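Structure 1 and structure 2 below are two forms of the same protein chain, each written out on its own as structure tokens.
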Structure 1
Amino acid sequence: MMKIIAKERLPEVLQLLAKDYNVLVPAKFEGVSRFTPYSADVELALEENVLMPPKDIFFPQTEKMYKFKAKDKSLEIEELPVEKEEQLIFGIRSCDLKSLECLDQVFLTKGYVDHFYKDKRDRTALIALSCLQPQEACFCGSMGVDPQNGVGADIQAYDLKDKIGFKAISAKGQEILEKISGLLAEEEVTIPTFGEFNLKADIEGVPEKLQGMFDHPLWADICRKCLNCGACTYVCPTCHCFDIDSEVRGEDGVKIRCWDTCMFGEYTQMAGGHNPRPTKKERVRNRFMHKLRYFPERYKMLLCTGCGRCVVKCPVNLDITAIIKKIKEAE
């Protein structure tokens, strides 16, 4: 038995939850599909995953860290008010849940906790939504992700075509279901069979093989058509490069963290002028080495979740699944 509601009544569920949470839903906003605050006039986008991942909910593209005042020889630092509103993400897919697991490793482990990230994670509930059919560029199954069962969600919601089914995973999820129980019915359901992936990647042995491929001629071949535009990193749910800068007016200033990308030459430019990644080859190599070797070595997990966004948005069709195949075949 599963708690269910007709898909056409889903707005009633979201409206009820919006009384206690800042509810974020997948929707088209200014022509781009992304997670946006729910309101009655928001048109839900549930047929396929959003283009912009939920990464920026926890790790914003631009984020003020603290204010400071410099006067004479003294420096005063003022912490910014902490947002306390509980939030809930509805409709997060399994590949993006996996991406949060990756970001958790970066921002919450190895002896350092990033409180900007942790604060948002701690006050966010997650309702995953199963997928019915893979999009053309999806390959999450190859990365060990189950598109119908998200790991780390508080509630797993199932797309039952004309209905939505809900299954509590955590105690927090059970509390949420109790809040909306008056709108739900119980029904015996069959979860629809998931379709076949168009893209696949055989990742077995790739991290280990890459240990001996730092100077392989493969990278010079792969990088030729890359534009170093950085589009892949901005739509990627796991890329987390950032820069820290200051905005100063007179004695007052604010420290700001913003996304950056290893695809840009300036990212590794040193103060003395030296750049350890001076050309496209080094930058492209670093991107795929990080995804497929360095991150697995450090955190025992891949830094690619198979969401396919980079494949979709790359203007020159640099396909990571094709690169994995070339790595497997390289001698």
Structure 2
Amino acid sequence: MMKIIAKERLPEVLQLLAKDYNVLVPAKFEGVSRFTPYSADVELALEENVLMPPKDIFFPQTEKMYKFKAKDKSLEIEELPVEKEEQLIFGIRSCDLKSLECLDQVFLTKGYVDHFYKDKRDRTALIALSCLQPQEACFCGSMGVDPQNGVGADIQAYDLKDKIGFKAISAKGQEILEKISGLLAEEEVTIPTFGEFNLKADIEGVPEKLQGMFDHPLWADICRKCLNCGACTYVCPTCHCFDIDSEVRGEDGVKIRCWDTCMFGEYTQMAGGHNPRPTKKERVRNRFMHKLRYFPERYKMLLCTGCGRCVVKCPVNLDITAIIKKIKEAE
């Protein structure tokens, strides 16, 4: 038995939850799908995963860190007030839940906790939504992700074609489900079978094999068409590199951090003029090594969830599954 609601009545659920939470839903805005605060007039996008990953909910593209005032010899530093609002994401997919596991490793472990990230993570509830069909570039199945059962959600919602089913996973999820239970019916359901993946990647043994491939000629080959535009890193749900800079007006300033990308030359440019990754070969190598070798070595998990966004958005069709295949086949 599962708690269900007809798909066209989903807005009633979201409306009810919006009383207690800032509810973020997958929606299309100006042609781009992303998580958007729910309101009656948002254009829900439930057919396929959103283009922009949910990472910006926890790790905004630009984020204020603290204020300062610098005048002559004096300096004042002031922390910014912390938001208190409880958030809820509806419709996060298994691949993007997996990306939160990766980001948790980065921002919450190894001795230092990133307060900005943790604050948002702690006050955000997650309702996962199962996938019915893989999109053209999806390959999460190859990366150990089950597209119908996410890990780490408070509630798993199931796309039952004309209905949506809800199953509480955590205590918090149980609490949320109780809030909306008045709108839900109880029914025996069958979860539709998931379609066939168009893209696949055989990752078995790749992290280990890469250890000996730092100087392999394949990097020169792979990087040839890369434009170093960074689009892959911006749409990637797991890429998390950031820059720290300031916005200054007269004596007042705000320290911000913003997404950065290892594809840009300035990323590792040092003040003395030396750049340890001077050409795109080193930069492309670092990106794929990071995803497939360095991250697994440091955190025991891949830094790729198989969401396929980079495959779709790369302007020169660099395809990580093809690169995995090349690594696999390389001598």
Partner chain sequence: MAVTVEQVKEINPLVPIKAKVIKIVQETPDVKTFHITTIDDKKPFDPLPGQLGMLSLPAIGEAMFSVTNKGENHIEMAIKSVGQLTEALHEIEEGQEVGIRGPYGNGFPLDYFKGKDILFIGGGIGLAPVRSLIMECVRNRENYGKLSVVYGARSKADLCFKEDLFENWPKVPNMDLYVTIDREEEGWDGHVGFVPAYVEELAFQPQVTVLCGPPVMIKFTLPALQKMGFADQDIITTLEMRMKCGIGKCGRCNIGSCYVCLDGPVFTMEQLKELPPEY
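By rigid core we mean the largest C-alpha set that fits within 1.5 Å across both forms. Residue numbering: structure 1 sequence, from 1. Nothing here was measured: the structure is a model prediction, and the numbers come from that model.
*Asks:* Where's the form predicted in complex with the partner chain, in 1 or in 2?
*Replies:* It is the second structure (the form predicted in complex with the partner chain) rather than the first.
*Asks:* Any CA movement of 2 Å or more for Val82 between the two structures, core superposed?
*Replies:* No: Val82 shifts by under 2 Å between the two structures.
*Asks:* Please state whether Met52 has a C-alpha shift of 2 Å or more between the two structures, with the rigid core used for the fit.
*Replies:* After core superposition, the displacement of the Met52 C-alpha between the two structures stays below 2 Å, so no.
*Asks:* With a threshold of 2 Å on the C-alpha, tell me if His115 counts as moved between the two structures once the core is superposed.
*Replies:* The answer is no; the displacement is under 2 Å.
*Asks:* In Å, how large is the CA movement of Asp72 between the two structures relative to the superposed rigid core?
*Replies:* Asp72 C-alpha displacement between the two structures, core-aligned: 4.1 Å.
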